[in-house]
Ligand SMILES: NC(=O)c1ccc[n+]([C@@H]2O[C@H](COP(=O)([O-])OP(=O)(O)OC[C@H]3O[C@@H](n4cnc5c(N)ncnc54)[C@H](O)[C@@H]3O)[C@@H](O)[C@H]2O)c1
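So this first bit is one chain, no partners, the form predicted on its own, shown in structure tokens.
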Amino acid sequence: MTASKTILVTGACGWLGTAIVQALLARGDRVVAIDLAVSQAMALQASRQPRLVTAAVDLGEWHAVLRTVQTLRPDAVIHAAAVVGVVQAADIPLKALRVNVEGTINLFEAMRLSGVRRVVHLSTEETYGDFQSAVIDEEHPQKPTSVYGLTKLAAEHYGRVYSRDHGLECINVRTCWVYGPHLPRLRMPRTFIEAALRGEPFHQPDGGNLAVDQVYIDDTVAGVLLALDKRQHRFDAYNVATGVAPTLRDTADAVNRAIPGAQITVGDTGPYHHGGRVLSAAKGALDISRARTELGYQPRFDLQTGIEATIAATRAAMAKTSA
């Protein structure tokens, strides 16, 4: 891949999708941004940016997907559309199946019939299930323990079938707990940061010893674009994270260091539950050696710098809201 291509981004108005769209535009690509509904901000930008085309497309609607791909003829696809997150997928398992699996198949079929070869699929460490060691690489067994992980693994496997049988090139970027400004889900570190900026103490009652790789959104986007651009791939999956796994207590400490007077604490009374109710798989760090060697990936944000960048952006947004 080189610059000045046409890239179709699914889930383009989501948190991560928006960041991907902005990064592609910034480097000069033409972007076809599709989502269930086009946000006002994206529509406004498209009215002023000739290299941005938007369309409201439901990946579950086969004819709409095919028509979009055949009409707009992208050079490649970044597939970020999904029911995202362990809790959300657990709450709506059939919808997660339809969006994350059926929607992905519709996209692959449209690509096959339109002659579009490469797709970078945003996957997840949830496909691994319980980590069997403190640091795992891409060859770790994939035995998901969550509905979300199960649907994303199914999407990966469909990509392998389409790659083998139809000549697609389906590349999976497995990231971990992505965080950063304006994270749309109420989970740490967002909950920690917002409480601290309001001057309120916050206590997370469990999971203090859970160690998990946490990757700042800009590093995730960088890894996705590197996978998109690589001329030839020897592998179809890359871990894109930081390679280290701070605990939830470490995360609270990072917030406390960055915000004077912050009182963020985490207990260790038991295992961590997503949303306070869905048991987390055992976590750890993702070995990013393959991404470093093959893609030239190098994360720029450690936990402290990522937390501080998130705090700055959150503080600015809170000040704007209260003005």
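All values derive from a computational prediction rather than experimental measurement. The first residue of the sequence shown is number 1, and the count goes up from there.
A second form of this protein, the form predicted in complex with the ligand, is not displayed here; the remarks below concern that form.
Within this chain, G306 is remote from the site of the ligand in the predicted bound form, having no heavy atom within 4.5 Å. Although the partner is absent here, W177 sits close enough that one of its heavy atoms falls within 4.5 Å of the ligand in the predicted bound form. In the predicted bound form, the ligand lies farther than 4.5 Å from every heavy atom of E294.
Under a 4.5 angstroms non-hydrogen atom cutoff, the ligand in the predicted bound form lacks M111 among its neighbouring residues. Note on contacts: among Y162, F192, Y148, Y216, the single residue with a heavy atom within 4.5 Å of the ligand in the predicted bound form is Y148. L122 is the sole member of A227, V119, M188, L122 with a non-hydrogen atom within 4.5 Å of the ligand in the predicted bound form. Residues within 4.5 angstroms of the ligand in the predicted bound form, judged by any non-hydrogen atom, belong to 79-87 and to none of the other stretches in 243-251, 163-171, 198-206, 79-87. Contacts of stretch 40-61 with the ligand in the predicted bound form, defined by any heavy atom lying within 4.5 Å, are made by V57, D58, L59, G60, listed in sequence order.
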